[in-house]
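Next comes just one chain, in structure tokens: the form predicted alone.
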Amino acid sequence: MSKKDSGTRAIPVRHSVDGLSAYLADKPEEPSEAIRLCFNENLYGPSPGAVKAITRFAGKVHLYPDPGGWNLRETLAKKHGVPAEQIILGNGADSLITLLSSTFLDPGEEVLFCTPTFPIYESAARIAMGTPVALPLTRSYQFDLNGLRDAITSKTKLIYLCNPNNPTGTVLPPRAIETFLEEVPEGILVILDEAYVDFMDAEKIPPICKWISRDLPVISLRTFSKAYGLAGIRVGYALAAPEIIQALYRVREPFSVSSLAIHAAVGALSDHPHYQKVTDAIKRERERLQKALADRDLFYIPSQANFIFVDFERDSQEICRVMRKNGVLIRCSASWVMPTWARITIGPPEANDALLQALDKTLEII
């Protein structure tokens, strides 16, 4: 029976949107008491400084936020040692990915990236009527810089490097990224997605502001959702050359970041002890969990993020189902077309203890 025959009105969806999958849009059916180690959330929570800022300004939400978010941008400018004109805010880093395609991508132009990685790179390209070009990761589960370089054509406009990569947690050497940027042809913008940069070892963190000052074709995406624990309030930002930021502001919605998000982010930045406590704790727990996985003869990819990607060598959907029954939620990787793998968020010690107990119970029966 056709849609017309069934009485359903045909909706004229754009061809570029037809076939896209919604991102986790189904109603969640998770046990309320379950430990959520499936979304890479910061289970240590936001800083007291952020909570205090939200409380202080909650009575002023009848007023529009500052469209430019200058208070937060100037605070970030001091943090990074760059002018505020080199920073743009967004409703999480996701919105900035969409904004990049809307600003720089003409129909038919190409967006390059490696998979598995964050799926919004592809969907944002398709929505803008661009052409996503996905290459496999290297055998060491890193973005393939040589492959990306060879895949560049006259239609290439944007290249994404997810560093650390989601879901593998792998990073690229800063010098390798710098060489890649130096060799990229003129007219191509490289987006370095650094959502998990706060969990990296210091010597592995790319000197993004130095590269921007050298006029290399790069933009950095950052978020307050991870290390700062503000995932529910949605605020991210990008660092780039002033002309790139100015172009993005011409397309960005005028009030894309709420006033509470702006104040919360400023409050979080002012509470460095909390940030340091959280990032140090997650790094310690990452080492502990990786050792525990090795002790259980499970293969994992050494991570520089707040999660670990594990190969169970069996159906990960079944692993996740049983883990859920045991009170712990982890992310199976069916959407990444790696059916035996799962991604596990690193939580506080008590959450990780519960994870290991649930994992032992699960592995006994599967």
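Position 1 is the first residue in the sequence shown; the rest follow in order. Note that the structure is a prediction, hence the values are computed from the model and not measured.
Not pictured, yet referred to below: the form predicted in complex with a small molecule.
> Would all three of F104, T156 and S220 be in contact with the small molecule in the predicted bound form, where contact means some heavy atom lies within 4.5 Å?
So, no: the whole triplet misses the small molecule.
> Partner absent here, but in the predicted bound form, which of 279-287, 261-269, 158-166, 171-179 has residues with a heavy atom within 4.5 Å of the small molecule?
Single hit among the candidates: 158-166.
> Does any part of D198 reach within 4.5 Å of the small molecule in the predicted bound form? Heavy atoms only, please.
Contact with the small molecule, no.
> Evaluate A93 for contact with the small molecule in the predicted bound form, applying a 4.5 angstroms cut-off between non-hydrogen atoms, and reply yes or no.
Residue-level check for A93: yes, a contact with the small molecule.
> Quick one: does F118 come within 4.5 Å of the small molecule in the predicted bound form, counting heavy atoms only?
F118 belongs to the contact set for the small molecule.
> Examine S225 and determine whether its closest non-hydrogen atom to the small molecule in the predicted bound form is within 4.5 angstroms.
Residue-level check for S225: yes, a contact with the small molecule.
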